[in-house]
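Given next, in structure tokens, is a single chain: the form predicted alone.
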């Protein structure tokens, strides 16, 4: 019999997405090192235009968000969803094509950013050709998700399937709208309308794309690691619909100092607090499913990763509503406090869950045992310690900045005070980068030398 082409083999789509995700984590965190060096030694890359802060920082943010987190979550779910639906993925070739289009979009976007071409909007910096490729990939994934669900043999649509379908379909809609793809030459709307549109997008790329994808993985891994049935499928569905109902409007809390309508500010603040409902559904489901069995989440690295992902989720969603209040923002807005918060949201919650999903399903999609569980454990500790330092030092730096400004001090006056904290941030980042490369090396060695699993 002729050998089956790679793109038609079972789980090849999942494997392609996962490999790209691991590569992107290494590249994205390395770009983060470049931007961190700028904050300690601004002239370190003097006269090297493609390494200037405004370029390398955008590469870091977009590669970690789109390349590492989103791609890895999608890769894990392309294995998970057929399992919970008792069927095969509708089309491995389409899943692989989507991965190639998506990877091309990220790579082209990163190269363009280094060359100085950008649409200059937060999380929407990529140029229009990259937008088209990423949008096409998300549309293809939505098609695969819908068709896989329609062909299922399992009558119950398990909660992970809801979150995966929602994540990719909302992703296609949010990405198109947020990048103003109807304006290909500028990728933006006019004036204040664009600020409102941008922060609708800037929050929903997290809340309606990576959050549901990560939540789908949590709901798959929780019961299996705990060795117990899910506490409540209904609670999971309630969380899904309340996430959609409340998260879509909270981006306006980034614009409390801008002249947007007061009612829109009020909606943003109110919905930020109501978000406790969908967050609580995940955490309560997790805790009640795992009660009496939490020790099982300390036995394997992937289990520890998903456990700490939920802990970062809780911290993020306590801090988020509080910093949406105007009197809190007087101290925290426009400074490093917000950068610390965004890191625990992206790398802490969704990043930890992405790594958990990666190492949980990778043996299944490759047919090989993980080359070194000790390396997975080392990656867990490196990223955990690095991110904890990041969060602590950036929070302190933000409070210093905020109080200097609140007391009438200038930005120039606050900058020298940040030097030790930016240095500690850099050192913490080195731990995260080390974790990314340890994980990439472990993946390569698994593909080459991992013990073949007998079926």
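Numbering follows the first chain given and starts at 1. What you see is a predicted model, and the numbers here were worked out from it, not measured in a lab.
What follows is about the form predicted in complex with a small molecule, which we do not show.
Segments offered: 201 to 209, 105 to 113, 361 to 369, 176 to 184. Contacting the small molecule in the model of the complex at heavy atom distances within 4.5 Å is 201 to 209.
Interface membership of residue 333, defined by any non-hydrogen atom within 4.5 Å of the small molecule in the model of the complex, is confirmed.
Although the partner is absent here, residue 398 sits far enough away that none of its heavy atoms falls within 4.5 Å of the small molecule in the model of the complex.
Heavy atoms of residue 282 never reach within 4.5 Å of the small molecule in the model of the complex, leaving it off the interface. The small molecule is not shown here, and in the model of the complex it never comes within 4.5 Å of any heavy atom of residue 51. Across the proposed site, 313, 320 and 338 without exception bring a heavy atom within 4.5 Å of the small molecule in the model of the complex. Checking 300, 233, 342, 289 against the small molecule in the model of the complex, a heavy atom within 4.5 Å turns up for just one residue: 342.
Distance criterion of 4.5 Å from any heavy atom to the small molecule in the model of the complex singles out 33 from the list 41, 415, 33, 404.
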